[in-house]
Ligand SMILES: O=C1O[C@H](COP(=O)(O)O)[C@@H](O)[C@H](O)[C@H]1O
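There is one chain below, alone, in structure tokens, taken in the form predicted alone.
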């Protein structure tokens, strides 16, 4: 699709540097234009190098708000917490001055914390300046998991919810996720992926092959609201 551009790198270090430099430029431009910048990022292992590089970029981090596209419903003391990943890899060096807006609220379930998490997202300036998504080998992005109990509502392009809980066979813990309309309400959208299997899956999704119709990432790849830049490394 013409709405998708792919940037391929020979190694993941180069991928991290290139994306960090691009995102830092956009955050600087946002601060210059509007006085603030908002970025929503993903968890998992893929963005660690990107976070480390971005944290050392020179910009006015005190004017940047960082949130997550989704979260496992665990406290930030848990090794699987996306907040913990952000706190230990992105909120370092110069980026320590940024404001972090977590999705986990401490409530016993994502359903119980939904209102507070939604209010936190609603309080951020919109549109976001940057959204960085990842993708699993099952074709999920954010917490849009195949078989998720709120998947249809989360992917509804006309939905009004900002966040939704998600329980799915492949999700492990209960989760909370920003919805598709919130993720697409951004000035810049990235998909950060690594590995040949994910590259091939994305190619199938872009071609609209039958097997790819069950991959939730298709909602991001096949939309025409905001251009998508894919950053891929082996």
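Predicted, not measured: the structure shown is a model, and the values here were computed from it. Residue numbers count along the first chain shown, from 1.
Although not depicted, the form predicted together with the ligand is the subject of the following passage.
Residues of just one listed stretch (181 to 189, 65 to 73, 199 to 207, 161 to 169) have heavy atoms within 4.5 Å of the ligand in the predicted bound form: 65 to 73.
Here is the short version: of 142, 154, 103, 131, the single residue with a heavy atom within 4.5 Å of the ligand in the predicted bound form is 142. Proximity of residue 44 to the ligand in the predicted bound form: non-hydrogen atoms within 4.5 Å are present. Interface membership of residue 53, defined by any non-hydrogen atom within 4.5 Å of the ligand in the predicted bound form, is ruled out. Looking at residue 118, you'd find every heavy atom of it more than 4.5 angstroms from the ligand in the predicted bound form.
Taking the partner from elsewhere, residue 136 is found to have a heavy atom lying within 4.5 Å of the ligand in the predicted bound form. Along 74 to 104, a non-hydrogen atom within 4.5 Å of the ligand in the predicted bound form is carried only by 82.
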